[in-house]
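Next up: just one chain, as structure tokens, the form predicted on its own.
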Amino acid sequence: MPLSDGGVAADGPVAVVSRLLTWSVVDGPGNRFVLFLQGCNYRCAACHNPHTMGLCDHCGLCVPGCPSGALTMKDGKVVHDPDVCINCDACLRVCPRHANPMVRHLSVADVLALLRENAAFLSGITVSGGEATLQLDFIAALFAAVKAAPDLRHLTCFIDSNGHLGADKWAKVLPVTDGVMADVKAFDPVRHRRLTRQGNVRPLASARLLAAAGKLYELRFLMIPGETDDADEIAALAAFVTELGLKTRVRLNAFQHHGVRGTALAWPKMSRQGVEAAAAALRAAGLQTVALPAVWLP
């Protein structure tokens, strides 16, 4: 279906999917099927998947540089042929909109079919991004369909989100959601806006709402040297989690250069020692579950 920003098919909403994984052990509990949806309402300088931010406007700038001819222009639209694509990602590097011309448009039925192919090996499904909640109608329909399917209802349904969603919208999806992994990019509002181009009132409110509803699986915090690794930010994180409940699971992530573009490439990487020191401070403040990065890049 030639949609640029999602839509509705005969069997319900259609998602714009940047990438999918048939298994992952770092996107929630157990082994998970993961959908990375295209589009984001943040513009994080430290984003390691910047090609998921924008939606293709079919400018065609990516077409000439495609070495395999997988991208062509047809009727004013960029068309991707996965059969000849060599996955070199040259198109992602040249796009001025941080878009992905290789997106797939999947209906709820399409995803259910993929889940059934892999269900024997899965604990659940996680919808991530970009920012997953920009395609909330699709998530709500997909999760409801999973819960209604006798052969799939054992799968847990999770969302990975930046939290920039209002309470009324959360109410639409939480009844069919088992858990949310929510980000807090920074506690200082000026710093948060500088890093993301958005304020932090909504993500903090979302974390409180999710915790009160028993749906906050994990609070995620990206440590960036010279920014979010300072003592004030770590103290604010400790105080916020104390407010939510000391049993709240916190995951500290370390800023690295993998996938990053622009000025952030000149930033120093976050050291393992710095993350471990922050974790020790959080535990000393009474936090009961602090998780560290599963993989440390050299």
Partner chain sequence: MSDSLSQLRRITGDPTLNFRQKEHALAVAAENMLPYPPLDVETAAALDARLICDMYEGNAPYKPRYVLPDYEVVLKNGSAHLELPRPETLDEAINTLQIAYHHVPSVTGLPVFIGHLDALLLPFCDGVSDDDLYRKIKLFWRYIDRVLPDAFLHADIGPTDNRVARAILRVDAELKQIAPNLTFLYDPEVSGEDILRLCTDNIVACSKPHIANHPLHAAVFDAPGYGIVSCYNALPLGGGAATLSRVNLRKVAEASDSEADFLDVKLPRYVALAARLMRARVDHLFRRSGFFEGSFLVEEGWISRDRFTAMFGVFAMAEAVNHLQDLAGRPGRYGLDDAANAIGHRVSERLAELVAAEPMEHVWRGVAMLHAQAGLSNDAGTTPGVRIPYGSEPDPVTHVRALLPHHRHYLSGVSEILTLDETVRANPEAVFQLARGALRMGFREFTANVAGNDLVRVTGYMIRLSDVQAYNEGKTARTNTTSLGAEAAAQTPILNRRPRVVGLELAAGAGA
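Residue numbers count along the first chain shown, from 1. This structure is a prediction, so every number in the text was calculated from the model and none was measured.
There is also a form predicted together with the partner chain; it is not shown, and the following applies to it.
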So which of G262, G60, G65, P29 reaches within 4.5 angstroms of the partner chain in the predicted complex, heavy atom to heavy atom? P29
Give me the residue from L136, A207, L92, L122 that has a heavy atom within 4.5 Å of the partner chain in the predicted complex. L122
In the predicted complex, does D188 come within 4.5 Å of the partner chain, counting heavy atoms only? no
If we define contact as a non-hydrogen atom of the residue within 4.5 angstroms of the partner, is E117 a contact of the partner chain in the predicted complex? yes
Decide whether T22 counts as a contact residue for the partner chain in the predicted complex under a heavy atom distance cut-off of 4.5 Å. yes
Can you check 226 to 234, 43 to 51, 254 to 262, 30 to 38 and let me know which stretch has heavy atoms within 4.5 Å of the partner chain in the predicted complex? 30 to 38
